[in-house]
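In structure tokens, one chain follows: the form predicted on its own.
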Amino acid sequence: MSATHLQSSPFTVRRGSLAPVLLLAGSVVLYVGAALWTGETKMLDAEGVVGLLQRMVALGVVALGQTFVILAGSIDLSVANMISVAAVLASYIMQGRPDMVPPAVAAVLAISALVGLVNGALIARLQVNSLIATLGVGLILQGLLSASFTNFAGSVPPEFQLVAYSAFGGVPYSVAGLFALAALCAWLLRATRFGAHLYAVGGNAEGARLAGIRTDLILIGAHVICAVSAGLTGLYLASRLRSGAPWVGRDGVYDLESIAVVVIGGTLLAGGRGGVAGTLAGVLLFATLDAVFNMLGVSAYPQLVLRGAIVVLAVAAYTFRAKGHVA
């Protein structure tokens, strides 16, 4: 069965959404309004905007991977610990040596893919609930990491720090990498058989199975992509912090926030509807909130309250619409 046919089949949920446009407009209004209100007009120049985009990178990369598993009707609560493992493993292997960068990156990507494979197999083959399976795997990773390391481990060489701190033509490598990765993910979702099957599985898993789709392989693939994206985030944070520590992923609450921005961006928790544009728009909103609260001099706690309220309202609105109460 062709990807084109699957995209138009009755068990594939319509993907269009106004969420990305609304979130983008809201973020721009909020950011510009806060800059003018506080007199921080320097935040509106090129350097300020680039700084805002850099706030998106860490959460944005892992959220792109989370988008795949949520589209498939699953979820991944192990990403925060996977990020910590990746950051520590990378800096521990590198030990400040440029020649150890390729082996370190390869090891991180291989272990990330293995973790994703385990998550996917537990869910797809053993029928373990995704929340329980990924939470359990995350706790195992946390236990192994905490038993082996208690503080920063190793260091990354200056050459690897270029990932987080260098730019070309005024555009940071990290920001360019985020949008390049987003373009790749969008292509996978929109222009490949895997993407069409992923939407089909999320929209109606039983219908997809009856149509001949290997739903287990699609689900496993989505979890591998998610875990690898967490590994990439860990590599970025190691570059940014110049080392890795067991808490770098958990301190960022990347598991919960990656789910939140995907849902805010219009991807249904039940799967089958959403996409990359909405996820990036959700990440932009959270980055804007960070910047605005810094401009206003407000502590992080009210920001957590506001984020929680936004997530609850967004989920409530999408649930209301999914039930057909809103056209």
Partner chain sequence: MRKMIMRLAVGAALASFAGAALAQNFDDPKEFQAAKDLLAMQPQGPADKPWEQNLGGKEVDTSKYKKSGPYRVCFSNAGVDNPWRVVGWTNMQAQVEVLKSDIKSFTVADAEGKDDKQISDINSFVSSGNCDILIVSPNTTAALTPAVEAACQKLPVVVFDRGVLTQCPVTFINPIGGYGWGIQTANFIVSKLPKGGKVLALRILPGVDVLETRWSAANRIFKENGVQVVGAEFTNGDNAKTKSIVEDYINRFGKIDAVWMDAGATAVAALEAFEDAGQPYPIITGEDQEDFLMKWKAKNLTAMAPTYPTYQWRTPIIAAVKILKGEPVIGPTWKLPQPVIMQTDLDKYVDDKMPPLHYAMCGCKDLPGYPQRWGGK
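On a predicted model such as this, the values are computed, not experimentally measured, just so you know. Numbering follows the first chain given and starts at 1.
Unshown form predicted in complex with the partner chain; subsequent notes refer to it.
Under a 4.5 Å heavy atom criterion, is Arg190 part of the interface with the partner chain in the predicted bound form?
The answer is no: Arg190 has no heavy atom within 4.5 Å of the partner chain.
Taking heavy atoms and a 4.5 Å cut-off, does Ser166 contact the partner chain in the predicted bound form?
Although the partner chain is absent here, Ser166 would stay clear of it in the predicted bound form, with no heavy atoms inside 4.5 Å.
Do Arg125 and the partner chain share at least one heavy atom pair within 4.5 Å in the predicted bound form?
The answer is yes: Arg125 has a heavy atom within 4.5 Å of the partner chain.
Using the partner position in the predicted bound form, report whether Tyr173 sits within 4.5 Å of the partner chain, counting heavy atoms only.
No, no contact at 4.5 Å.
If contact means a heavy atom within 4.5 Å, which one of 205-213, 112-120, 222-230, 190-198 is the stretch that engages the partner chain in the predicted bound form?
Every other range fails; the passing one is 112-120.
Can you confirm whether Ala58, Leu89 and Arg240, the three residues that make up this candidate site, all sit within 4.5 Å of the partner chain in the predicted bound form, judged by heavy atoms?
All of them do, each having a heavy atom within 4.5 Å of the partner.
Heavy atom contacts to the partner chain in the predicted bound form at 4.5 Å, residues of 136-153 in sequence order
Residues within 4.5 Å: Leu144, Leu145, Ser148, Phe149, Thr150, Asn151, Phe152, Ala153.
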